[in-house]
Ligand code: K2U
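Quick heads-up: it's one chain on its own, the form predicted alone, in structure tokens.
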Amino acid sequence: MILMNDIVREGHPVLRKVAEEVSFPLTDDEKKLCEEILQYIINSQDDVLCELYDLRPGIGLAAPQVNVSKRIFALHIEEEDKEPLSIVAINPKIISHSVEKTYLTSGEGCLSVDRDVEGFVPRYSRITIKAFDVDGKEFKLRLKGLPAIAFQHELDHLNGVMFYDHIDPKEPFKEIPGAVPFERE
């Protein structure tokens, strides 16, 4: 089971590296990693388990965040009145995106960042993605809203980019032209 101590923090060199493509079939270690990062996210959304294991809640976790430089991440997002999204994405890519941008009005956070970083992080409003599951089967999804934002955040981790790299350092709350703000419930 992954705990907060297993998650590397900002300043760790792995977070700034471009992660390696994964080949199939997955090794047993890679399968276990996929299972564990998804399980962390699911566990972190359970108040009892958070309290018990001192977990910080999250909706996504990338392999580099547990010091494995591979193109793998997990998302688990449950929103009211929407189909839950619970995936492990291996070698993920955005194959198309909207012109329209969005951003979380509350700003983004990260399990690898132990401080509040204020500011708007511009993201595409809608994306079409392609990735592989643990069995090596390719899947495509169209995402919008929080799932689209989270996917882009985790994909950045695979490219050595932190969310705050997108924030305007001089004007963190500067209006993003053509962007529609996204409010989290």
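Residue positions are given as counts along the sequence shown, with the first one as 1. None of the values given here were measured: they were computed from a predicted structure.
One more form of this protein, predicted in complex with the named molecule, exists but is not displayed; see below.
- Stretch 145 to 153 is the answer when you ask which of 130 to 138, 145 to 153, 47 to 55, 27 to 35 has residues with heavy atoms within 4.5 Å of the named molecule in the model of the complex.
- Using a 4.5 Å cutoff between non-hydrogen atoms, Gly60 counts as a contact of the named molecule in the model of the complex.
- With a 4.5 Å cutoff on heavy atoms, Ile87 does not count as touching the named molecule in the model of the complex; it lies far away.
- Contact check for Lys70: no non-hydrogen atom falls within 4.5 Å of the named molecule in the model of the complex.
- Taking the named molecule as positioned in the model of the complex, the residues of 98 to 116 that bring a heavy atom within 4.5 Å of it are, in sequence order, Leu104, Glu108, Gly109, Cys110, Leu111, Ser112.
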